[in-house]
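Okay, so here's just one chain, in C-alpha cells, the form predicted alone.
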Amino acid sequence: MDSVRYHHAIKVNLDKCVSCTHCIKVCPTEAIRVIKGKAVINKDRCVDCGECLRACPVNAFYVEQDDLLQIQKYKHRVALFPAAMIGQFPENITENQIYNGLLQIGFTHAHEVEQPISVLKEMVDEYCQQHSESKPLISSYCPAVIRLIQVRYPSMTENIIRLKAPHDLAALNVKQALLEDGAKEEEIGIFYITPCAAKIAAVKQPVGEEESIINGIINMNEVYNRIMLNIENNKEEQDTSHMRQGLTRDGVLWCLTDGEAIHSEGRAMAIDGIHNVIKFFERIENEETPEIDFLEVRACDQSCAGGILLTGNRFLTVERLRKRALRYQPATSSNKIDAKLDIATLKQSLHAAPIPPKPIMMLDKDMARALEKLNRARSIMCHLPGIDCGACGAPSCMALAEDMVQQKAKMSDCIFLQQRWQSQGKISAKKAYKNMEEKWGEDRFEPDCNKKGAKNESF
C-alpha cells in the first residue's frame, strides 16, 4: 500500500502562478510549497479539498476532467449528478428544463445520485447498529475528508463507515436497471457530473474498492453553462418526471449539511468546512469531546452546495434545495424503489473494503528516525522567529523546520535569519538577495505595475 500514490485532480498552471503564498496558508495538510517562484503540490499530502483553488487570486489552480465528447462512445449515456446541481439554477428554471438540457448535450439518461438514497440510509443504520462499539462512526460521504483522515489522522480510519458513496450506489442502481431492460454492459457509459475535485479523485482512484464502475467524470461548471445555453435556445419543455422516480425529500437534502446526521438514532453531529473538521478531529484525538455515535463531516462550507466546481452562491443553493425538498415525500423502505431491481444485490455491492491509513505527517517511516528528526526540527525551531509569514515558501516555521530535517529546505530560506546574519557580517547582502531570488525567481522583486493591485492591473 505504501507504493500506491493518490490520483489528484487539482493541478497548477505554472505560467499563471505569481507565488503570492495565498495557497500555502490555506492548505489544511501543508501540501504546498513555493519552489523557484512557483507553487508546487506535494501529492502525498494533498487531499483535493480545493482550498488552494478558492484562495488563488490569479486562477493558477485548475481541475483536470474528462472530455465531454467521450460520452459518444456509448449507446446508453447516463448523466449522474447530485441534487446540488439543480440548486445552482434560478427559481424560474424548472427541473424539466434542466433534465432536457442534459439530454440535449448528448446524454440518453439523467439520474440524480440521491434517487436510491433509501438503500444507503438503511445500510448506514444497519452498519451503525452492528458497529456500535466503534465511536464515533464517521460518514464515508466526503472523499476529501476520507483522505484527510488517512494522511493526518490514520488512527481514525477504523471509524470510517465502510460503505460506498452515493454516486457509486446510483451508478450500480442505474446500470442494473439498464441491464434489466436489455442493454449490453459494454454499451453503457456512466458519467458523474461532479461539484468538487475530491470526487474526481475518488472516481479515478476510489478508496475501499478496486475500481469505480463510473466511466468518466465531468466538471459541473461546464455542464451548467451548456445547460443554460440549451435552455436559452430551446424553450420547449418536455416532461422528464419519469427520470426522477425514487427521488425523495431525504435524497434532495442528503448533499447538504445535516443531510445524513439528522437520521441518526444516537447522538450525531454535522460539521462542514475542512478547517472546522480539522479542529474537531483534534479534539477527538485529545479526548476533549463527549461521546458521539455518528459524525457527518464535509470538506466544503455548506457541504456540496459549496463545492469548488459550482457556479452559484452556496447559500442560495441551500435555500433552493430546501424549498425543492418540500415537493417530495420522505424516504421509505428501499424495497419500494423499483420492483425490477434486486435490492439485496444492490446492498451487497455497497460494501467497501477496509480503508488503509497513509500517514504522511511522520518525518520518516522508521519510528526511531522519525523521533530523531522531530527532535532536530524542534531544535531548529529555537532559531526560527515563529512568525509563520510564508516568505520562506513554507506555510509555517514548523513546516520549514520539518522540510530542513528532510533536506528539502535550508536555514537561509528564512529571510529573518538572513537579516540577522547580515547584521552579524556572516553573509553579504548580495548573497542574501541571491538566496531570495533562488526561492522566488529572478526579477521577482523588480517594480511591476501590472501585478494585482498595482495601477496598471489587467492592462
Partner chain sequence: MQVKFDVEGGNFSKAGHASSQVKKILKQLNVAPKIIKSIVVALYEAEVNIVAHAYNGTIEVTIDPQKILINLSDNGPGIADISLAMQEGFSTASQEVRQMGFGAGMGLPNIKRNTDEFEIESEVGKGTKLIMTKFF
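Quick caveat: nothing in here was measured; it's all calculated off a predicted structure. Numbering follows the first chain given and starts at 1.
Below, we turn to the form predicted in complex with its partner chain, even though it does not appear here.
Stretch 367-375 is the answer when you ask which of 367-375, 302-310, 249-257, 102-110 has residues with heavy atoms within 4.5 Å of its partner chain in the model of the complex. Residue contact check for residue 285: one or more of its heavy atoms lie within 4.5 Å of its partner chain in the model of the complex.
Contact between residue 269 and its partner chain in the model of the complex is not found at the 4.5 Å heavy atom cutoff. Looking at residue 402, you'd find a heavy atom of it within 4.5 angstroms of its partner chain in the model of the complex.
Residue 89 falls outside the set of residues with a heavy atom inside 4.5 Å of its partner chain in the model of the complex. Using a 4.5 Å cut-off to its partner chain in the model of the complex, each of 153, 158 and 363 places a heavy atom inside that distance.
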